[in-house]
Ligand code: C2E
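Form predicted on its own, single chain, as structure tokens, below.
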Amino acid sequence: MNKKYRKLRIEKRNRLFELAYIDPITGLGNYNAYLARTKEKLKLNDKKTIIILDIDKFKSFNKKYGHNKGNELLKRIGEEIKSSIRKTDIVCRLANDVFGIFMIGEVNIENITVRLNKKISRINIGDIWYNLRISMGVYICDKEEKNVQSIIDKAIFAHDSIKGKYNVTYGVFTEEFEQKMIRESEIENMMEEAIKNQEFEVYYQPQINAKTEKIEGSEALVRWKKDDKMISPNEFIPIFEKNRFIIKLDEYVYKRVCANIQEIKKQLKELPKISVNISKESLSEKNFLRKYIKISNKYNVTPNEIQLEITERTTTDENVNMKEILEKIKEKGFSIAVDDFGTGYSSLNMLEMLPIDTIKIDKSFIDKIGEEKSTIDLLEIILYITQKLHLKTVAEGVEKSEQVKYLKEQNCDLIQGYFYSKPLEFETFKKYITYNEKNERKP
């Protein structure tokens, strides 16, 4: 073999190695390199610390400054991380703006996270300084573990636990998280069968007109009944949102609601508008609207009989053009409600920018009626602004007579909560509508 051929082979091998293991933007190792190097380090009989780090709203940075500047930022972040850890530690860029750090031996978590946050939260590219916010998930492995993906998942789980907590920069994986991961796995193993066996049931919670005290609307709420036991929506909905099974569940609930509306219409000339929750995952599907219109037509349900309900968090999603999506929904005749209003970080300008019909005020505000003046002041402001914008308001989680009295005084439109009714099974809900028409509150 001549020298020229040997050199070409070496160059080719090096090039293949770079493609397989080197991130072209930062020059750090990539996901494959992280897996390979950490797998080797797991064999060492010492404590290991895994940190998963990403940049909050990195997509917004790319949109504002361009991908070239975004790539420069990623390179600078990689450099800052590398300078903040020991030479024996590993740092790789795993995907997009996600970096993985692997450290052997004793590590002061508070010190390293503070150091990383200080170096990355304000970073310069050329002569310009940028303010950033990072989130970190930490997993401390002080026992024998062989599965690299498992330890990465645990750090990611800790990372995800602090998303949305604006005063927290890192989370540490605990035994409590371990149990949550086991439970999450159990739920994921059951979810497909649950749809197939129709274990998900739709309940309806009436919304009462504050002036007439007659039912004017209701919210469709999904419940999961497994072996005569209820699984809380607070437990399964976040999991379904993460693995996107929520898209299937949304469609399942919508079909059940349309079938129920069709049945009610056989008995009543007028029925209260039903609000159906739609996740941001469903809204981002290209054929979402076409599919839901097709379902409505199948059950002879018109869009004006249904209100689609989204969370306030969904309105600020950077991954989709929410204004365009909601305008298309409105064009088809649906009305739109924003749920959990007041719990997120969206601007009140959002109320003017988006084609919204109804604002649902979160229960956390209602619970503090009569307790915290600052909360009451904010609640009054929200009600005042929504009235000026001619938006309908629904107060959620109303349980006490003093809350009802206050909301009536503030001209809140609809009241939803246990004071009037808990969520009802469909057959009971039909009776409730009939009794309510006769001014009798409960069936």
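Start at 1 with the first residue shown and count on from there. Keep in mind that this is a model prediction, so the values were computed, not measured.
In what follows, reference is made to the form predicted in complex with the ligand, a form of this protein that is not presented.
* To do: Give a yes or no on whether each residue among L221, N277 and G397 has a heavy atom within 4.5 Å of the ligand in the predicted bound form.
  => Answer is yes for this spot.
* Asked: Between the options I112, V253, V148, M103, which residue brings a heavy atom to within 4.5 Å of the ligand in the predicted bound form?
  -> The residue from I112, V253, V148, M103 that makes the contact is V253.
* To do: Identify, from the list I246, I336, I261, I134, the residue with a heavy atom within 4.5 Å of the ligand in the predicted bound form.
  => Filtering the options by heavy-atom distance leaves I246.
* Asked: P233: heavy atom within 4.5 Å of the ligand in the predicted bound form?
  -> P233: yes, in contact with the ligand in the predicted bound form.
* Asked: Hey, in the predicted bound form, is I237 touching the ligand, heavy atoms inside 4.5 Å?
  -> It does: once the ligand is placed as it appears in the predicted bound form, I237 has a heavy atom within 4.5 Å of it.
* Using a 4.5 Å heavy atom cut-off, state whether T358 contacts the ligand in the predicted bound form. => Contact with the ligand, no.
* Asked: Using 4.5 Å between non-hydrogen atoms, is E309 touching the ligand in the predicted bound form?
  -> Residue-level check for E309: yes, a contact with the ligand.
* Determine which one of 28 to 36, 412 to 420, 52 to 60, 377 to 385 lies within 4.5 Å of the ligand in the predicted bound form, judging by heavy atom distances; exactly one does. => The contacting stretch is 412 to 420.
* To do: Taking only heavy atoms into account, state which residues of 186 to 206 are within 4.5 Å of the ligand in the predicted bound form, ordered by sequence.
  => Contacts from 186 to 206: just Q205.
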